[in-house]
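Quick setup: one chain, the form predicted on its own, written in structure tokens, and binding and motion questions come after.
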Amino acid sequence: MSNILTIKNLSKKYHTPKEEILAIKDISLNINEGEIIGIVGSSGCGKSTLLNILSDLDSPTSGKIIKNNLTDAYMLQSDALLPWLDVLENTLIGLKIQKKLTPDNISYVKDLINNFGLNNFIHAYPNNLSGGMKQRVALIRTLALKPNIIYLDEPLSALDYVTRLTITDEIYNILKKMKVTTILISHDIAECVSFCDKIIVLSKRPAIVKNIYEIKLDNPSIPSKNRQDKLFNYYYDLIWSDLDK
């Protein structure tokens, strides 16, 4: 696998009227093409700060990010669908803004809608969709621009357990099929172990990289089945014990 993203000695400081806050400190990582990477750490440790810097929503105080011929996209926690647009129009909005609304790209998005099982809802409006459907639409909108890396910030946290399991399998299959490199922030260790190829554990603030775990299950499959793997609990316990609590 070729390297797609390199992070070198990344640090971020925030200034308030009373103090200087060091959010992340000297983080260095190499991300390979096609990997699904999970980032875990205690609440407030700097996970979202790191993701915001990687996606250019924020800038580092020091350090360097090297993006090797990549296009990236960020999917927020909220689905942020526009209520006056139907499913198809919501998924095409990024292409429209970037003036890439070609027949080929529209066909590509329609295929994604079908692959996510939303073909019968293509002209439905957000208020007629379940929470799981809305998150599917939000992900399709993210993938519509054909990024080769996407950042996911707790994208399924608002969904119930059963819906999360179902959608996680769907997302996993599509990301692997499309070979999209993915960086996922999650508080759910089980979700990360079942879904990710590699998990990065961050320390309390200021966040440093404590450990990186390569997840090698006995019989890797879709996330719902990975939870039944013999090594699932081993990795879960290992990462849980490594978290700053």
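By rigid core we mean the largest C-alpha set that fits within 1.5 Å across both forms. Start at 1 and count along the sequence shown; that's the residue number. Predicted, not measured: the structure shown is a model, and the values here were computed from it.
Below: the form predicted in complex with a small molecule, not depicted.
- Among N219, S62, S43, N211, the residue placing a heavy atom within 4.5 Å of the small molecule in the model of the complex is S43.
- Residue in contact with the small molecule in the model of the complex (any heavy atom within 4.5 Å), chosen from K67, K204, K176, H187: H187.
- Here the chain stands alone, but in the model of the complex its contact with the small molecule, taken as any heavy atom within 4.5 Å, falls in 48 to 56 among 48 to 56, 26 to 34, 189 to 197, 176 to 184.
- Using a 4.5 angstroms heavy atom cutoff to the small molecule in the model of the complex, none of L159, T163 and W240 count as contacting.
- At a distance threshold of 4.5 angstroms between non-hydrogen atoms, N105 is out of contact with the small molecule in the model of the complex.
- In the model of the complex, Y14 approaches the small molecule with a heavy atom inside 4.5 Å.
- Although the partner is absent here, I21 lies within 4.5 Å of the small molecule in the model of the complex, judged by heavy atoms.
- Interface residue remark: S78 is not counted as part of the site for the small molecule in the model of the complex, having no heavy atom within 4.5 Å.
- Annotation: Cα of E19 displaced by at least 2 Å between this form and the one not shown, core superposition.
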